[in-house]
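This document contains two forms of one protein chain, each encoded as C-alpha coordinates and listed individually as structure 1 and structure 2.
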Structure 1
Amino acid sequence: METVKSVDLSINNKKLKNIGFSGLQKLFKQSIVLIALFLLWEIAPRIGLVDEAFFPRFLNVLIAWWEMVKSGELFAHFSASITRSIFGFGLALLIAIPLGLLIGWYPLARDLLNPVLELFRNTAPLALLPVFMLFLGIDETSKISIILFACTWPILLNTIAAVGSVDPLLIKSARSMNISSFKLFYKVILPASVPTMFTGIRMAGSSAILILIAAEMVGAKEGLGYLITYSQYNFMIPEMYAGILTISVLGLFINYGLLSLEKRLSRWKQDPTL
(Lines of atoms letter the chains of each structure in order from A and count residues from 1; the text may use other names and numbers.)
(Lines give C-alpha, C1' and ligand atoms only; values in the text may rest on other atoms or scores of the structure.)
Protein backbone atom coordinates (compact mmCIF):
# COMPACT_ATOMS: atom_id res chain seq x y z
CA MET A 1 0.00 0.00 0.00
CA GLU A 2 2.82 2.43 0.84
CA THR A 3 4.41 1.72 -2.54
CA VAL A 4 1.14 2.48 -4.33
CA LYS A 5 0.72 5.72 -2.37
CA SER A 6 4.26 6.84 -3.18
CA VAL A 7 3.68 6.10 -6.88
CA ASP A 8 0.44 8.11 -6.80
CA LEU A 9 2.19 11.01 -5.10
CA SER A 10 5.01 11.01 -7.64
CA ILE A 11 2.48 10.97 -10.50
CA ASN A 12 0.56 13.86 -8.95
CA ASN A 13 3.78 15.83 -8.46
CA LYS A 14 4.71 15.30 -12.09
CA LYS A 15 1.26 16.47 -13.18
CA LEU A 16 1.55 19.60 -11.05
CA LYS A 17 5.01 20.33 -12.47
CA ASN A 18 3.71 19.88 -16.02
CA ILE A 19 0.75 22.16 -15.33
CA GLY A 20 3.04 24.79 -13.81
CA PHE A 21 5.48 24.59 -16.74
CA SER A 22 2.70 24.83 -19.32
CA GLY A 23 1.24 27.77 -17.40
CA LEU A 24 4.60 29.58 -17.51
CA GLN A 25 4.91 28.84 -21.23
CA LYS A 26 1.44 30.27 -21.87
CA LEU A 27 2.20 33.36 -19.78
CA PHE A 28 5.46 33.92 -21.67
CA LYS A 29 3.73 33.59 -25.06
CA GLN A 30 1.03 36.05 -24.02
CA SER A 31 3.55 38.54 -22.62
CA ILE A 32 6.32 38.50 -25.24
CA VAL A 33 4.59 40.89 -27.65
CA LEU A 34 3.69 43.32 -24.86
CA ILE A 35 7.27 43.29 -23.58
CA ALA A 36 8.54 43.96 -27.11
CA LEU A 37 6.06 46.82 -27.49
CA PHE A 38 7.17 48.45 -24.23
CA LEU A 39 10.84 48.05 -25.23
CA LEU A 40 10.10 49.75 -28.55
CA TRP A 41 8.27 52.51 -26.65
CA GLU A 42 11.40 53.06 -24.53
CA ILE A 43 13.90 52.88 -27.38
CA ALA A 44 12.08 54.90 -30.08
CA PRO A 45 12.38 58.32 -28.31
CA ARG A 46 15.98 57.59 -27.29
CA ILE A 47 17.17 57.05 -30.87
CA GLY A 48 15.08 59.87 -32.32
CA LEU A 49 12.41 57.88 -34.15
CA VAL A 50 9.76 60.04 -32.45
CA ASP A 51 9.84 63.43 -30.75
CA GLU A 52 10.31 62.82 -27.04
CA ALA A 53 8.36 66.00 -26.24
CA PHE A 54 5.21 64.38 -27.65
CA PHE A 55 6.03 60.70 -27.09
CA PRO A 56 8.09 60.37 -23.88
CA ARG A 57 10.04 57.29 -22.95
CA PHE A 58 8.14 54.46 -21.28
CA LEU A 59 10.30 54.79 -18.16
CA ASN A 60 9.34 58.47 -17.82
CA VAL A 61 5.67 57.52 -18.14
CA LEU A 62 6.09 54.93 -15.38
CA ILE A 63 7.80 57.51 -13.16
CA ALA A 64 4.94 59.96 -13.74
CA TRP A 65 2.44 57.18 -13.01
CA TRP A 66 4.18 56.29 -9.76
CA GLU A 67 4.35 59.94 -8.64
CA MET A 68 0.59 60.25 -9.17
CA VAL A 69 0.06 57.03 -7.22
CA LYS A 70 2.15 58.31 -4.28
CA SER A 71 0.35 61.65 -4.22
CA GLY A 72 -3.06 59.96 -4.31
CA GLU A 73 -4.07 61.89 -7.44
CA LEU A 74 -4.35 58.82 -9.63
CA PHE A 75 -6.44 56.94 -7.07
CA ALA A 76 -8.90 59.85 -6.83
CA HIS A 77 -9.39 59.92 -10.61
CA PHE A 78 -9.47 56.11 -10.83
CA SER A 79 -12.05 55.73 -8.07
CA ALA A 80 -14.30 58.37 -9.67
CA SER A 81 -14.19 56.60 -13.03
CA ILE A 82 -14.62 53.07 -11.71
CA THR A 83 -17.55 54.12 -9.50
CA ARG A 84 -19.39 55.64 -12.46
CA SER A 85 -18.62 52.61 -14.64
CA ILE A 86 -19.80 50.11 -12.02
CA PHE A 87 -23.07 51.96 -11.42
CA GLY A 88 -23.88 52.31 -15.13
CA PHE A 89 -22.78 48.78 -16.01
CA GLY A 90 -24.57 47.26 -13.01
CA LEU A 91 -27.84 49.01 -13.83
CA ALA A 92 -27.55 47.82 -17.43
CA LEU A 93 -27.16 44.22 -16.22
CA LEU A 94 -30.16 44.51 -13.90
CA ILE A 95 -32.36 45.91 -16.67
CA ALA A 96 -31.11 44.23 -19.85
CA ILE A 97 -30.74 40.59 -18.75
CA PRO A 98 -34.28 40.04 -17.36
CA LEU A 99 -35.80 42.07 -20.21
CA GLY A 100 -33.79 40.16 -22.80
CA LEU A 101 -34.79 36.81 -21.32
CA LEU A 102 -38.47 37.77 -21.43
CA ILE A 103 -38.33 39.13 -24.97
CA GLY A 104 -36.35 36.13 -26.17
CA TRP A 105 -38.77 33.69 -24.52
CA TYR A 106 -41.88 35.22 -26.08
CA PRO A 107 -41.69 35.35 -29.92
CA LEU A 108 -44.51 37.91 -30.20
CA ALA A 109 -42.63 40.40 -28.01
CA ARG A 110 -39.46 39.81 -30.03
CA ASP A 111 -41.24 40.46 -33.33
CA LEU A 112 -42.93 43.62 -32.06
CA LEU A 113 -39.89 45.17 -30.40
CA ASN A 114 -37.16 44.11 -32.83
CA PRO A 115 -37.39 47.23 -35.10
CA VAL A 116 -37.11 49.58 -32.11
CA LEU A 117 -34.22 47.58 -30.64
CA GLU A 118 -32.34 47.64 -33.93
CA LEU A 119 -32.86 51.41 -34.18
CA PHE A 120 -31.31 52.07 -30.78
CA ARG A 121 -28.62 49.46 -31.40
CA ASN A 122 -27.34 51.45 -34.37
CA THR A 123 -27.46 54.80 -32.55
CA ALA A 124 -23.99 55.81 -31.37
CA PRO A 125 -24.12 56.60 -27.62
CA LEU A 126 -21.66 59.46 -27.98
CA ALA A 127 -23.99 61.09 -30.51
CA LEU A 128 -26.58 61.30 -27.72
CA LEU A 129 -24.16 62.64 -25.12
CA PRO A 130 -25.22 66.28 -25.71
CA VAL A 131 -28.85 65.22 -25.24
CA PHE A 132 -28.08 63.53 -21.92
CA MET A 133 -26.13 66.55 -20.75
CA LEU A 134 -28.90 68.91 -21.88
CA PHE A 135 -31.59 67.10 -19.86
CA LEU A 136 -29.53 65.78 -16.94
CA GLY A 137 -26.74 68.33 -16.62
CA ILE A 138 -23.02 67.67 -16.41
CA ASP A 139 -23.00 65.96 -13.02
CA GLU A 140 -22.89 62.25 -12.16
CA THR A 141 -26.42 61.50 -13.39
CA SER A 142 -25.66 62.23 -17.04
CA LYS A 143 -22.44 60.19 -17.00
CA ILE A 144 -24.03 57.15 -15.38
CA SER A 145 -27.02 57.43 -17.71
CA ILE A 146 -24.91 57.48 -20.88
CA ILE A 147 -23.01 54.39 -19.63
CA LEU A 148 -26.34 52.71 -18.87
CA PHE A 149 -27.58 53.47 -22.38
CA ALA A 150 -24.36 52.28 -24.05
CA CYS A 151 -24.19 49.03 -22.05
CA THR A 152 -27.86 48.09 -22.25
CA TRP A 153 -28.08 47.33 -25.97
CA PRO A 154 -25.27 44.78 -26.42
CA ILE A 155 -26.43 42.91 -23.29
CA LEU A 156 -30.10 43.05 -24.26
CA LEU A 157 -29.67 42.02 -27.89
CA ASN A 158 -27.23 39.20 -27.13
CA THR A 159 -29.53 37.89 -24.39
CA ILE A 160 -32.47 37.85 -26.82
CA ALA A 161 -30.32 36.06 -29.41
CA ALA A 162 -29.08 33.60 -26.78
CA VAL A 163 -32.60 32.53 -25.76
CA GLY A 164 -33.71 32.28 -29.39
CA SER A 165 -30.74 30.10 -30.36
CA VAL A 166 -31.21 27.40 -27.70
CA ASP A 167 -31.32 23.97 -29.34
CA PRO A 168 -35.01 23.00 -29.76
CA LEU A 169 -34.10 19.37 -29.03
CA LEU A 170 -33.03 20.38 -25.52
CA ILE A 171 -36.39 22.05 -24.94
CA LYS A 172 -38.35 19.08 -26.33
CA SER A 173 -36.34 16.62 -24.24
CA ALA A 174 -36.93 18.66 -21.10
CA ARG A 175 -40.65 19.00 -21.78
CA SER A 176 -40.93 15.25 -22.35
CA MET A 177 -39.96 14.84 -18.68
CA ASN A 178 -43.02 16.91 -17.65
CA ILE A 179 -40.99 19.56 -15.85
CA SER A 180 -42.57 22.91 -15.06
CA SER A 181 -42.05 25.98 -17.21
CA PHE A 182 -40.02 27.60 -14.45
CA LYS A 183 -37.66 24.62 -14.18
CA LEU A 184 -37.38 24.45 -17.97
CA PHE A 185 -36.35 28.07 -18.05
CA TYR A 186 -34.00 27.80 -15.05
CA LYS A 187 -32.43 24.42 -15.81
CA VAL A 188 -32.26 24.48 -19.62
CA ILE A 189 -32.82 27.88 -21.23
CA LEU A 190 -30.73 29.99 -18.85
CA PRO A 191 -27.59 27.77 -18.74
CA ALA A 192 -27.64 27.29 -22.53
CA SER A 193 -27.88 31.06 -23.00
CA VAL A 194 -24.91 32.00 -20.81
CA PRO A 195 -22.10 31.88 -23.46
CA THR A 196 -23.93 34.14 -25.93
CA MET A 197 -25.12 36.42 -23.14
CA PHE A 198 -21.55 36.93 -21.98
CA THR A 199 -20.52 38.04 -25.45
CA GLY A 200 -22.80 41.03 -24.96
CA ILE A 201 -21.70 41.51 -21.35
CA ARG A 202 -18.04 41.67 -22.37
CA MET A 203 -18.87 44.13 -25.15
CA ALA A 204 -20.76 46.23 -22.62
CA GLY A 205 -17.83 46.09 -20.19
CA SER A 206 -15.56 47.60 -22.84
CA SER A 207 -18.19 50.19 -23.76
CA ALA A 208 -18.60 51.25 -20.13
CA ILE A 209 -14.97 52.40 -19.96
CA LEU A 210 -14.77 53.95 -23.43
CA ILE A 211 -18.00 55.92 -23.18
CA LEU A 212 -17.18 57.11 -19.68
CA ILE A 213 -13.76 58.42 -20.70
CA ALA A 214 -15.33 60.39 -23.56
CA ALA A 215 -18.00 61.79 -21.20
CA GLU A 216 -15.38 62.79 -18.62
CA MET A 217 -13.41 64.63 -21.29
CA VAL A 218 -16.42 66.83 -22.04
CA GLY A 219 -17.65 67.78 -18.60
CA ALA A 220 -16.03 66.54 -15.39
CA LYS A 221 -13.78 67.71 -12.57
CA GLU A 222 -12.30 64.29 -11.81
CA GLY A 223 -11.89 60.93 -13.50
CA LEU A 224 -9.38 59.35 -15.86
CA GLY A 225 -10.88 61.10 -18.89
CA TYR A 226 -10.56 64.46 -17.13
CA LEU A 227 -6.98 63.58 -16.14
CA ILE A 228 -6.01 62.92 -19.75
CA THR A 229 -7.62 66.11 -21.05
CA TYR A 230 -6.19 68.26 -18.22
CA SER A 231 -2.70 66.81 -18.77
CA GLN A 232 -2.92 67.48 -22.51
CA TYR A 233 -4.00 71.11 -22.07
CA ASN A 234 -1.19 71.74 -19.58
CA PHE A 235 1.39 69.85 -21.68
CA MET A 236 1.95 67.26 -18.95
CA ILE A 237 2.60 64.59 -21.56
CA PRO A 238 4.00 61.79 -19.32
CA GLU A 239 0.98 62.17 -17.03
CA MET A 240 -1.32 62.02 -20.04
CA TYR A 241 0.19 58.73 -21.20
CA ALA A 242 0.08 57.43 -17.62
CA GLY A 243 -3.68 58.03 -17.62
CA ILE A 244 -4.06 56.29 -20.98
CA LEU A 245 -2.02 53.34 -19.72
CA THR A 246 -4.20 53.10 -16.60
CA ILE A 247 -7.34 52.94 -18.75
CA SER A 248 -5.81 50.18 -20.89
CA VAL A 249 -4.88 48.09 -17.84
CA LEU A 250 -8.34 48.66 -16.35
CA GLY A 251 -10.02 47.47 -19.54
CA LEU A 252 -7.75 44.41 -19.60
CA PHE A 253 -8.66 43.46 -16.03
CA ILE A 254 -12.37 43.92 -16.71
CA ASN A 255 -12.18 41.69 -19.78
CA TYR A 256 -10.26 38.93 -17.98
CA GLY A 257 -12.58 39.18 -14.99
CA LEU A 258 -15.65 38.70 -17.18
CA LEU A 259 -13.93 35.84 -19.02
CA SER A 260 -13.20 33.99 -15.77
CA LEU A 261 -16.79 34.58 -14.59
CA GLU A 262 -18.10 33.21 -17.88
CA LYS A 263 -15.96 30.07 -17.51
CA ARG A 264 -17.26 29.58 -13.97
CA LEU A 265 -20.89 29.89 -15.08
CA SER A 266 -20.32 27.68 -18.14
CA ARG A 267 -18.64 24.76 -16.38
CA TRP A 268 -21.44 22.49 -17.54
CA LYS A 269 -19.97 22.65 -21.06
CA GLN A 270 -16.82 20.91 -19.82
CA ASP A 271 -18.39 18.81 -17.06
CA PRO A 272 -21.87 17.46 -17.93
CA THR A 273 -22.38 16.23 -14.36
CA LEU A 274 -22.68 19.80 -13.05
Structure 2
Amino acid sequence: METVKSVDLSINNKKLKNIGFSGLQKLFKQSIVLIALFLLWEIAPRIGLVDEAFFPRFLNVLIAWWEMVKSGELFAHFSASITRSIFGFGLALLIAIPLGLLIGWYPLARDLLNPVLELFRNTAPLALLPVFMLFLGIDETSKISIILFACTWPILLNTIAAVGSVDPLLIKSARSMNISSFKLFYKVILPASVPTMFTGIRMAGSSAILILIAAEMVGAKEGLGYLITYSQYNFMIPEMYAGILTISVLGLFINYGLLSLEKRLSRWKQDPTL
Protein backbone atom coordinates (compact mmCIF):
# COMPACT_ATOMS: atom_id res chain seq x y z
CA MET A 1 0.00 0.00 0.00
CA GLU A 2 2.99 2.25 -0.27
CA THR A 3 3.52 4.93 -2.87
CA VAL A 4 7.20 5.42 -2.42
CA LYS A 5 7.87 5.33 -6.12
CA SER A 6 11.17 6.20 -7.64
CA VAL A 7 10.96 9.16 -9.98
CA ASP A 8 11.64 7.82 -13.44
CA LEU A 9 14.62 8.79 -15.51
CA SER A 10 12.95 11.29 -17.76
CA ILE A 11 11.97 13.37 -14.80
CA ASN A 12 15.43 13.05 -13.43
CA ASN A 13 16.80 14.34 -16.69
CA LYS A 14 14.43 17.23 -16.62
CA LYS A 15 15.57 17.96 -13.13
CA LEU A 16 19.17 17.81 -14.15
CA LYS A 17 18.58 20.31 -16.90
CA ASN A 18 16.72 22.45 -14.48
CA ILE A 19 19.62 22.33 -12.12
CA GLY A 20 21.92 23.24 -14.97
CA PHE A 21 19.90 26.32 -15.76
CA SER A 22 18.92 27.31 -12.26
CA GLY A 23 22.46 26.59 -11.16
CA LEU A 24 23.70 29.10 -13.70
CA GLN A 25 21.13 31.56 -12.56
CA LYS A 26 22.18 31.06 -8.97
CA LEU A 27 25.83 31.49 -9.85
CA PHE A 28 24.94 34.71 -11.60
CA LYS A 29 23.02 35.98 -8.60
CA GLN A 30 25.82 35.03 -6.30
CA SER A 31 28.52 36.75 -8.30
CA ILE A 32 26.78 39.87 -9.53
CA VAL A 33 27.44 42.00 -6.46
CA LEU A 34 30.96 40.67 -6.21
CA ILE A 35 31.66 41.57 -9.82
CA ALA A 36 30.23 45.03 -9.28
CA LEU A 37 32.57 45.46 -6.34
CA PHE A 38 35.61 44.48 -8.36
CA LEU A 39 34.55 46.75 -11.19
CA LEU A 40 34.27 49.62 -8.78
CA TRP A 41 37.71 48.80 -7.47
CA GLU A 42 39.07 48.91 -11.01
CA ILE A 43 37.29 52.11 -11.94
CA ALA A 44 37.76 54.18 -8.80
CA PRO A 45 41.53 54.68 -9.26
CA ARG A 46 41.13 55.05 -13.03
CA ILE A 47 38.84 58.02 -12.81
CA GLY A 48 40.88 59.52 -10.02
CA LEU A 49 38.41 58.92 -7.25
CA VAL A 50 41.32 57.67 -5.18
CA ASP A 51 45.03 58.09 -5.65
CA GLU A 52 46.31 55.13 -7.58
CA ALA A 53 49.57 55.22 -5.68
CA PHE A 54 47.76 54.15 -2.52
CA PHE A 55 44.89 52.22 -3.98
CA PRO A 56 45.96 50.38 -7.12
CA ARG A 57 43.57 49.15 -9.77
CA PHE A 58 42.14 45.73 -9.30
CA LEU A 59 43.85 44.47 -12.45
CA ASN A 60 47.25 45.57 -11.21
CA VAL A 61 46.62 43.73 -7.99
CA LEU A 62 45.74 40.64 -9.98
CA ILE A 63 48.92 41.01 -12.04
CA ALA A 64 51.04 41.35 -8.93
CA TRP A 65 49.28 38.33 -7.54
CA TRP A 66 49.93 36.28 -10.64
CA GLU A 67 53.59 37.27 -10.63
CA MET A 68 53.91 36.04 -7.08
CA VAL A 69 52.13 32.82 -7.96
CA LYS A 70 54.48 32.20 -10.88
CA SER A 71 57.60 32.86 -8.87
CA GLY A 72 56.40 30.39 -6.25
CA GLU A 73 56.74 33.12 -3.63
CA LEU A 74 53.05 33.15 -2.82
CA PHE A 75 52.94 29.43 -2.34
CA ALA A 76 55.79 29.54 0.15
CA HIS A 77 54.01 32.21 2.19
CA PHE A 78 50.73 30.43 1.78
CA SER A 79 51.94 27.10 3.03
CA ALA A 80 53.72 28.64 6.01
CA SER A 81 50.52 30.42 6.97
CA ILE A 82 48.12 27.58 6.39
CA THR A 83 50.19 25.21 8.50
CA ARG A 84 50.12 27.62 11.40
CA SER A 85 46.42 28.29 10.96
CA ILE A 86 45.49 24.64 10.84
CA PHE A 87 47.48 23.85 13.95
CA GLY A 88 46.05 26.77 15.87
CA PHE A 89 42.53 26.13 14.67
CA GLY A 90 42.72 22.40 15.32
CA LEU A 91 44.01 22.91 18.84
CA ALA A 92 41.29 25.47 19.47
CA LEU A 93 38.67 22.92 18.40
CA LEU A 94 40.16 20.30 20.69
CA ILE A 95 40.21 22.67 23.62
CA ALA A 96 37.17 24.87 23.17
CA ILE A 97 34.50 22.31 22.34
CA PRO A 98 34.98 20.10 25.41
CA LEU A 99 35.49 23.17 27.56
CA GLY A 100 32.34 24.75 26.17
CA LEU A 101 30.32 21.60 26.80
CA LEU A 102 31.70 21.46 30.31
CA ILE A 103 30.91 25.06 31.10
CA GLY A 104 27.54 24.90 29.42
CA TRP A 105 26.59 21.88 31.43
CA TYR A 106 28.20 21.98 34.86
CA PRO A 107 27.39 25.02 36.98
CA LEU A 108 30.55 24.36 38.98
CA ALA A 109 32.77 24.52 35.91
CA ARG A 110 30.94 27.66 34.90
CA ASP A 111 31.45 29.31 38.26
CA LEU A 112 35.10 28.36 38.44
CA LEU A 113 36.24 29.04 34.93
CA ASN A 114 33.97 31.70 33.53
CA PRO A 115 35.62 34.74 35.15
CA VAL A 116 39.12 33.83 33.98
CA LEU A 117 37.98 32.86 30.55
CA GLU A 118 35.95 36.02 30.22
CA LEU A 119 38.94 38.07 31.29
CA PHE A 120 41.12 36.41 28.68
CA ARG A 121 38.43 36.61 26.05
CA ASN A 122 38.31 40.32 26.57
CA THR A 123 42.03 40.73 26.12
CA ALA A 124 43.14 41.72 22.67
CA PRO A 125 45.48 39.22 20.99
CA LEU A 126 47.28 42.24 19.58
CA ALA A 127 47.97 43.52 23.06
CA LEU A 128 49.18 40.13 24.12
CA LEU A 129 51.82 39.91 21.39
CA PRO A 130 54.65 41.02 23.68
CA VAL A 131 53.48 38.61 26.37
CA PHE A 132 53.38 35.70 23.97
CA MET A 133 56.84 36.65 22.77
CA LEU A 134 58.08 36.81 26.31
CA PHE A 135 56.80 33.40 27.35
CA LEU A 136 56.91 31.47 24.13
CA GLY A 137 59.72 33.05 22.15
CA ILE A 138 59.46 34.09 18.55
CA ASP A 139 59.29 30.75 16.83
CA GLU A 140 56.26 28.76 15.71
CA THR A 141 54.97 28.15 19.23
CA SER A 142 54.07 31.75 19.85
CA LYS A 143 52.45 32.20 16.45
CA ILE A 144 50.34 29.08 16.76
CA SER A 145 49.42 30.10 20.29
CA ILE A 146 48.12 33.45 19.16
CA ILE A 147 46.00 31.77 16.51
CA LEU A 148 44.79 29.27 19.08
CA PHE A 149 43.99 32.11 21.44
CA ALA A 150 41.96 33.99 18.87
CA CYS A 151 40.10 30.91 17.62
CA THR A 152 39.12 29.69 21.04
CA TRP A 153 36.57 32.35 21.96
CA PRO A 154 34.03 32.10 19.19
CA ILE A 155 33.99 28.31 19.49
CA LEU A 156 33.75 28.42 23.24
CA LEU A 157 31.01 30.99 23.39
CA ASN A 158 28.88 29.36 20.74
CA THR A 159 29.31 25.93 22.25
CA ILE A 160 28.14 27.22 25.61
CA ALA A 161 25.18 28.89 23.94
CA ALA A 162 24.42 25.76 21.95
CA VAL A 163 24.28 23.63 25.06
CA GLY A 164 21.90 26.13 26.58
CA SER A 165 19.48 25.94 23.68
CA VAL A 166 19.07 22.19 23.42
CA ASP A 167 15.42 21.24 23.80
CA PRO A 168 15.09 20.17 27.45
CA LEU A 169 12.63 17.46 26.46
CA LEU A 170 15.30 15.70 24.42
CA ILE A 171 17.69 15.76 27.35
CA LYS A 172 14.95 14.44 29.57
CA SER A 173 14.26 11.70 27.08
CA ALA A 174 17.89 10.68 26.86
CA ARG A 175 18.34 10.83 30.61
CA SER A 176 15.32 8.61 31.09
CA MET A 177 17.31 5.96 29.24
CA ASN A 178 19.98 6.27 31.90
CA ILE A 179 22.80 7.07 29.50
CA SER A 180 26.07 8.32 30.89
CA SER A 181 26.96 12.01 30.99
CA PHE A 182 29.55 11.45 28.33
CA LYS A 183 27.07 9.78 26.02
CA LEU A 184 24.58 12.51 26.73
CA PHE A 185 27.11 15.03 25.46
CA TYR A 186 28.21 12.98 22.56
CA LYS A 187 24.89 11.61 21.43
CA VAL A 188 22.42 14.33 22.27
CA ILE A 189 23.90 17.67 23.10
CA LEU A 190 26.53 17.60 20.39
CA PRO A 191 24.22 16.77 17.47
CA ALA A 192 21.53 19.10 18.74
CA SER A 193 24.12 21.84 19.01
CA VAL A 194 25.67 21.43 15.59
CA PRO A 195 24.04 24.43 13.92
CA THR A 196 24.85 26.91 16.66
CA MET A 197 28.28 25.47 17.29
CA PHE A 198 29.18 25.67 13.66
CA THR A 199 28.56 29.36 13.63
CA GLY A 200 31.32 29.63 16.18
CA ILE A 201 33.53 27.23 14.30
CA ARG A 202 33.12 29.20 11.10
CA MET A 203 33.92 32.38 12.90
CA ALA A 204 36.99 30.71 14.37
CA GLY A 205 37.96 29.50 10.91
CA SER A 206 38.03 33.09 9.78
CA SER A 207 39.88 34.17 12.87
CA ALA A 208 42.52 31.54 12.23
CA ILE A 209 43.28 33.27 8.97
CA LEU A 210 42.67 36.86 9.99
CA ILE A 211 44.88 36.76 13.01
CA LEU A 212 47.80 35.75 10.79
CA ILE A 213 48.57 39.40 10.23
CA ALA A 214 49.05 39.91 13.92
CA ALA A 215 50.63 36.54 14.57
CA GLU A 216 53.13 36.94 11.79
CA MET A 217 54.05 40.38 13.04
CA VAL A 218 55.93 38.53 15.73
CA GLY A 219 59.20 37.45 14.37
CA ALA A 220 58.11 35.89 11.12
CA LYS A 221 60.22 35.22 8.07
CA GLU A 222 57.41 34.02 5.88
CA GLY A 223 53.68 33.71 5.77
CA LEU A 224 50.89 35.75 4.27
CA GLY A 225 50.78 38.11 7.23
CA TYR A 226 54.48 38.71 6.83
CA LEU A 227 53.99 39.27 3.12
CA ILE A 228 51.39 41.94 3.80
CA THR A 229 53.37 43.86 6.39
CA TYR A 230 56.53 43.50 4.37
CA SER A 231 54.88 44.78 1.21
CA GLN A 232 53.28 47.63 3.04
CA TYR A 233 56.47 48.78 4.68
CA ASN A 234 58.24 48.67 1.37
CA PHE A 235 55.51 50.43 -0.56
CA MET A 236 54.72 47.45 -2.75
CA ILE A 237 51.07 48.35 -2.60
CA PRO A 238 49.73 46.00 -5.31
CA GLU A 239 51.56 43.13 -3.62
CA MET A 240 50.06 44.14 -0.32
CA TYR A 241 46.55 44.04 -1.72
CA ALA A 242 47.34 40.78 -3.44
CA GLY A 243 48.31 39.41 -0.04
CA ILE A 244 45.15 40.72 1.59
CA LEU A 245 43.05 39.29 -1.20
CA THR A 246 44.74 35.93 -0.86
CA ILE A 247 43.92 35.83 2.83
CA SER A 248 40.33 36.83 2.16
CA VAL A 249 39.85 34.24 -0.54
CA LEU A 250 41.50 31.61 1.60
CA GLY A 251 39.11 32.48 4.41
CA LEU A 252 36.26 32.25 1.95
CA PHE A 253 37.23 28.74 0.92
CA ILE A 254 37.60 27.59 4.48
CA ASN A 255 34.20 29.06 5.22
CA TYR A 256 32.55 27.22 2.36
CA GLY A 257 34.28 24.02 3.38
CA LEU A 258 32.96 24.38 6.91
CA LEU A 259 29.52 25.32 5.58
CA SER A 260 29.25 22.19 3.50
CA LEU A 261 30.46 20.12 6.43
CA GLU A 262 27.78 21.73 8.55
CA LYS A 263 25.19 20.98 5.90
CA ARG A 264 26.18 17.34 5.92
CA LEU A 265 25.98 17.21 9.67
CA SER A 266 22.59 18.90 9.82
CA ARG A 267 20.89 17.19 6.96
CA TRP A 268 18.15 16.21 9.34
CA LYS A 269 17.06 19.78 9.81
CA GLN A 270 13.81 21.08 8.48
CA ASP A 271 14.11 24.29 6.51
CA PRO A 272 12.40 26.87 8.70
CA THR A 273 11.57 29.08 5.74
CA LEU A 274 9.51 26.28 4.23
Partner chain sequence: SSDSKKAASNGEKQDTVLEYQVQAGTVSFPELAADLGYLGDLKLENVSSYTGGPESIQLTATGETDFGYAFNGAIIKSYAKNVKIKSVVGAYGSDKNTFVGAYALEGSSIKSAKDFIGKKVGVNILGAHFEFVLKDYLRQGGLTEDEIKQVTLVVIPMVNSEQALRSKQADVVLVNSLPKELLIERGEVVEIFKDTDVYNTEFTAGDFFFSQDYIEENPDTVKQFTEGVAKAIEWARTTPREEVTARFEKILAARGEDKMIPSLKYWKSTGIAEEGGLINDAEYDTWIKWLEKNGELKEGQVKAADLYTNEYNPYAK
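For residue numbers, the reference is structure 1: its sequence is counted from 1. As the structure is a computational prediction, the values presented were derived from the model and not from experiment. Superpose the two forms; the largest set of C-alphas matching within 1.5 Å is the rigid core.
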property: Which of the two shown structures is the form predicted on its own; result: 1
property: Cα displacement of residue 217 between the two structures reaching 2 Å, rigid core superposed; result: yes
property: Core superposition result - C-alpha of residue 154, shift between the two structures, Å; result: 2.5
